[in-house]
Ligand SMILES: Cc1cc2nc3c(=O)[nH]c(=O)nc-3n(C[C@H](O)[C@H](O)[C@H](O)COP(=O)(O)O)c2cc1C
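First, one chain by itself in structure tokens, the form predicted on its own.
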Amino acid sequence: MILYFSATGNSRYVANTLAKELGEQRLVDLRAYMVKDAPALTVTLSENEPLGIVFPVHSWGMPKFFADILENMHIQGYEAGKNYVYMLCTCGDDVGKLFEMWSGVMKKAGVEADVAYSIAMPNTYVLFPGFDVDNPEKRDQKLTAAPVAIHHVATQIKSRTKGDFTHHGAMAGLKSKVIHPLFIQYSTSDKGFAVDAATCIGCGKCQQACPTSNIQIVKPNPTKEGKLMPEWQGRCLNCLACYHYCPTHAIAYGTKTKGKHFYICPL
């Protein structure tokens, strides 16, 4: 079984490709469990069945709310040493101490983490100063290298290799243990989002793309006539799916997205 979460498509592509490599038939999209008041996730494993978890790295850690899903999931049929448990994360570059973080979360769920891998995919986060999506050359290099990297990971999973094979990067502890908690606490607000009324076409693609169902399409002033536009509801990951999926690029985040570019996984 593979559990996966994806916002702009990178992790969805990786999860689907990995499933094909492994001949895995059970692929579970965790977006439904990211919404407010979602029921706890229940996982039932057969004897010796591997459990894989695929997700994107957000600021050198796990996406907001994602750890809660894993900590509170109900796992039936799991036996340490028999059910091999692995993680595969997608990242723009490095992941810090993510394996340590993920292992702790899985331990709370009563599961022993066996191995972790990371795969570089095109950047999607554009709100930090100096951050933008990859240029076309770098983007295409990552997309071309991804199938080979996934095949290598699949080979290791089949062999039930154990260990941490993620790309930590420089100052890994600082990034995951200091910057990531600050990011989750102070940089996942949706209050900065704004819509250009002249450009917005009210198509609802931002609403469909939002993994936490945080966007409603409403009239800006219900007492007046006007076209429908997105309105954020306060449960935001800062995954920027709404920003990237908008077909007319009508969504901005204050001045932080000015001059920045857009990306959706083309695979």
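Position 1 is the first residue in the sequence shown; the rest follow in order. Keep in mind that what you see is a predicted model, and the values were worked out from it rather than measured.
Not on display, but discussed next: the form predicted in complex with this ligand.
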The unique member of 193, 84, 99, 125 whose heavy atoms fall within 4.5 Å of this ligand in the model of the complex
125
Would you check whether this ligand, in the model of the complex, lies within 4.5 angstroms of a non-hydrogen atom from each of 9, 56 and 93?
yes
Partner-facing stretch of 231-239, 37-45, 22-30, 202-210, counted where any non-hydrogen atom is within 4.5 angstroms of this ligand in the model of the complex:
231-239
Even though the partner isn't displayed, in the model of the complex is residue 88 close enough to this ligand, meaning a heavy atom within 4.5 Å?
no
Is residue 153 a contact residue for this ligand in the model of the complex, using a 4.5 Å heavy atom cut-off?
no
What residues, if any, in 163-202 have a non-hydrogen atom within 4.5 angstroms of this ligand in the model of the complex?
183
